[in-house]
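As a starting point, one isolated chain is supplied in structure tokens, in the form predicted alone.
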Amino acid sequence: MELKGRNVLVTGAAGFIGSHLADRLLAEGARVTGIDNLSEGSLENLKKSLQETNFKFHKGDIRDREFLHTIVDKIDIIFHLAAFTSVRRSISNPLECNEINVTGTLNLLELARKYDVNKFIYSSSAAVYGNTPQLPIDEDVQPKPLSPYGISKLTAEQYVLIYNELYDIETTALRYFNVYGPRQKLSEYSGVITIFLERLKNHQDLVIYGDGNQTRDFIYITDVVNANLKATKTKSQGNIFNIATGDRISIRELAEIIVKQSGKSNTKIIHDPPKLGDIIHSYANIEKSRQKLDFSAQISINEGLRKVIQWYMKN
């Protein structure tokens, strides 16, 4: 689908991924409406988009149906990124997690059905897989989420897919692996790269939990944005896709590259006891994304780290 002139909605637009997506959609000529309740996101992330005449921002919550009614009418494509994202908080507050991630998604799907939205692109998570022994992880692996957060993302996925089957809405679910890049907020869920960079900036040693041999599949933010755009332009409806590089790197090696590229050679890498329940290895099989979504990541871990280190040290 051509994006130029299309009316597009981005939920969670003030967040890390949502703000990058909004910027790119505007560059592609779309008319973009962004919504966010600003509980996690920041208008600072949208300072570029807010200068564009084709961008409108509304503060609001996806749990508020009346608010959403005023937004979704005349929208062609919905990119749904708004979410409760903290694994730890989902364990202490599963009801709120469910209300946002499941009921909020269902609210949007119902309005997409009512207003004949053409496409619905849902941002899911590799957290749905849990600690699977099968590597690389493909989309047919039996999901075994380890938290209410993982369960909520999986449940919302199922709603997204059933709306394609029952109501003929073109829906796609994208399972992100470890996304990193500029604007990523420092938090317990922000990911090890942002945590490492924050410690570097504060002249602190890098802390690895365990021996550092655990591996992850890190994907740069611009590749994630490209995957979302691909989902609008291919016959991918009713499908789930891994969005990752298909490569893995150990946390120890990651730390060593960051120290080297940052030029802070005096930084030590120290080890603490492993975190209970930490997944040892996680990386994706991306063959389905290559074949059906025409997507493959373009930014290597070395190039991506150079970009994010430069940004982080300036900001």
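Computed from a predicted structure; not experimentally measured. Counting begins at 1, following the sequence as shown.
Below, we refer to the form predicted in complex with a small molecule, which is not included among the displayed structures.
*Asks:* Would you point out which of 109-117, 192-200, 175-183, 157-165 contains residues with a non-hydrogen atom within 4.5 Å of the small molecule in the predicted complex?
*Replies:* It is 175-183 that comes within 4.5 Å of the partner.
*Asks:* Answer yes if any heavy atom of residue 16 is within 4.5 Å of a heavy atom of the small molecule in the predicted complex; otherwise answer no.
*Replies:* Residue 16: contacts the small molecule in the predicted complex.
*Asks:* Examine residue 304 and determine whether its closest non-hydrogen atom to the small molecule in the predicted complex is within 4.5 angstroms.
*Replies:* Contact check for residue 304: no, nothing within 4.5 Å of the small molecule in the predicted complex.
*Asks:* Using 4.5 Å between non-hydrogen atoms, is residue 280 touching the small molecule in the predicted complex?
*Replies:* Looking in the predicted complex, residue contacts with the small molecule do not include residue 280, since no heavy atom lies within 4.5 Å.
*Asks:* Taking any heavy atom pair closer than or equal to 4.5 Å as contact, tell me whether residue 250 reaches the small molecule in the predicted complex.
*Replies:* No, residue 250 stays farther than 4.5 Å from the small molecule in the predicted complex.
*Asks:* Could you tell me which one of 227, 240, 208, 81 places a heavy atom within 4.5 Å of the small molecule in the predicted complex?
*Replies:* After the contact test, the surviving option is 81.
*Asks:* Of the options 137, 100, 151, 72, which one has a non-hydrogen atom that comes within 4.5 Å of the small molecule in the predicted complex?
*Replies:* The residue from 137, 100, 151, 72 that makes the contact is 100.
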